[in-house]
Structures are given as C-alpha cells and as structure tokens.
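Just the one chain here, the form predicted alone, laid out as structure tokens.
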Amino acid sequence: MWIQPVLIISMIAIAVYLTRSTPSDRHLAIRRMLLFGALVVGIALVLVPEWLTAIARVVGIGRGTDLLVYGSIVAFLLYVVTDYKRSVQQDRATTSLARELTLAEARIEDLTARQRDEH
C-alpha cells in the first residue's frame, strides 16, 4: 500500500511544522496556495468522483471514500496544528501588549508624581 508511507510522512511533516518557529509571510502564502489547490481538487472530485476511486486504487486503497477519509484526517490535523500555532502567537502578542501598557501607565504615574513634587 502506497498510502501508508504517504500518511506517515504527512503526519511527520505536520509535527515538524508544529515545532517550527512563528509563521511568516512565506508560510501564509504557502497556506493560501494549499487552500486554493485543495479547492480546485475538491471541485474536480465533485464533478468527476470516479477520479477519487481511480487514485485510491493506484495508491492501494480499494475505495475512494477511504482515501477521502484519510485525506480528511490529515487535513484536520494540519488545521488543528495551524490553529494552535496561531493561538499561541496571539497569546504572546496580547501579553506583550499588556506589558507595554502597564509600563506606559507606570511611566505616566511616575512623571505625574515628579511634577507634583516639583510644585
């Protein structure tokens, strides 16, 4: 079966993606291209469902439905990892923003106290 190594490599690639640094503009472009590619493939498979069965037989799976389930599992894992990374990045940004706001308020209070002491 061809599909087993493909699925294992896909899951390892998702794990590597999880451990990589924060997303950049390049990652965003790749994500958009993958989304567009998945959209085109999805439309093609809706129009000609026999292609999915043919592809499934080529990779060693009997039914196209099974291939669709395997692909959906990999896509779901990729979505979960991407969403997790985005959530972590937003938490860091919120923490940094709160820290800067607190420091700015402390500076203003310190400056106000100094001006009060001078007068």
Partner chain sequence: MQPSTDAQPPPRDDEAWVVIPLYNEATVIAGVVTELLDVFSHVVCIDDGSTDGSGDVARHAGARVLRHPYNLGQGAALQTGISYVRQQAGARYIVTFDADGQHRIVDAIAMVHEARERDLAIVFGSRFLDARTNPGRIKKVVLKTAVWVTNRTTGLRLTDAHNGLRVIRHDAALSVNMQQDRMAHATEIVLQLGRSHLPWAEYPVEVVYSDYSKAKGQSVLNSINILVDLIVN
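Positions refer to the first chain, counted from 1. Keep in mind that this is a model prediction, so the values were computed, not measured.
This next part talks about the form predicted together with the partner chain, which is not shown.
Q: State yes or no: in the predicted complex, is some non-hydrogen atom of R92 no more than 4.5 angstroms from a non-hydrogen atom of the partner chain?
A: Because a heavy atom of R92 falls inside 4.5 Å of the partner chain in the predicted complex, the answer is yes.
Q: Any chance V88 has a heavy atom within 4.5 Å of the partner chain in the predicted complex?
A: Contact with the partner chain, yes.
Q: Heavy atom to heavy atom, is Y84 within 4.5 Å of the partner chain in the predicted complex?
A: Yes - in the predicted complex, heavy atoms of Y84 and the partner chain come within 4.5 Å of each other.
Q: Spell out, yes or no, whether the shortest heavy atom distance between I12 and the partner chain in the predicted complex is within 4.5 Å.
A: No, I12 is distant from the partner.
Q: Looking in the predicted complex, is the partner chain within 4.5 Å of a heavy atom from each of A38, A44 and E50?
A: Heavy-atom distance to the partner chain in the predicted complex: none of the three under 4.5 Å.
Q: Check each residue of 100-119 against the partner chain in the predicted complex and list those with a heavy atom within 4.5 Å, in sequence order.
A: L101, T102, L103, E105, A106, R107, E109, D110 sit within 4.5 Å of the partner.
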